[in-house]
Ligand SMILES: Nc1ncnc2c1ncn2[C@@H]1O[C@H](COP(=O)(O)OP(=O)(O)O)[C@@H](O)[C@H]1O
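Next up: a single chain in structure tokens, the form predicted alone.
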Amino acid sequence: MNGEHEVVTQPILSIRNLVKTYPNGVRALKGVTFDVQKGEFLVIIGLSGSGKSTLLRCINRLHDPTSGEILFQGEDLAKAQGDGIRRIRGRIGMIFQHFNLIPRHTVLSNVLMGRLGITSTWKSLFGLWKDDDKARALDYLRLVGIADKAKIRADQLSGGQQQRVAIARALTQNPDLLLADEPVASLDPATCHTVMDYLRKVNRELGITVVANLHFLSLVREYATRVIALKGGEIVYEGSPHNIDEAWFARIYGEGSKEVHIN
């Protein structure tokens, strides 16, 4: 014994035997188990219907899991109810494929919506935001490179710009974990990289753990620190994005699949 103690870090997120069965009998998740370490950029891949979106929506309780544990910073989200779910969501930001912005509101107003969890409803309805909330929102718009768009309507932005607004909105929550459900699926290839660059910036510069669903393996290899592949609601691969060769690709997506490019 040399007297040194090994430092054991607790995962920020631990999924244990997670099962989700929908009312129609479809088993979207079949006992999924994995850990996410603080600071990771974990990417989840798989065909449409493999359970990727269900998994993310169970983590932030947009969907209720059927059974299993979702341990976030030591607290089981699967057991949370009412105010507990709202409190948890304050620490988990989420970005969606279709942005979910309010088109007729300004960019700044959309970003401030991320503060709804700690702002009274009537104040938000009348735009009575605190000065420090506005300053925070502008800081995050600068982070994603569109502070100059703060006063224009959200529907005047391009798709990539709207997704950057959605990232800024999620950041105003001060989340410890950021979930991104197919964040670039509706964007052109060049814009995909721009949005992914900002997500990586959030991960590296702010230290926010990111869990993202992606389709294109070229993006996965460039941005992921680790990959989990789902097939039929079960994990079929977990490891480095660079170890997914042709054989793994065929196992995950099926022989002859053209849905995902392997570059």
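Predicted model only: the values in this text are computed from it and were never measured. In case it trips you up, residue 1 is the first one in the sequence shown, and so on.
One more form of this protein, predicted in complex with the ligand, exists but is not displayed; see below.
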| property | result |
| --- | --- |
| Listed residue (Q37, N203, S218, S53) with a non-hydrogen atom within 4.5 angstroms of the ligand in the model of the complex | S53 |
| Candidate from I208, L199, A229, A28 lying within 4.5 Å of the ligand in the model of the complex - any heavy atom | A28 |
| Contact label in the model of the complex: S48 to the ligand, heavy atom within 4.5 Å | yes |
| Location of the ligand contact in the model of the complex, chosen stretch of 65-73, 218-226, 40-48, 190-198 [non-hydrogen atom, 4.5 Å] | 40-48 |
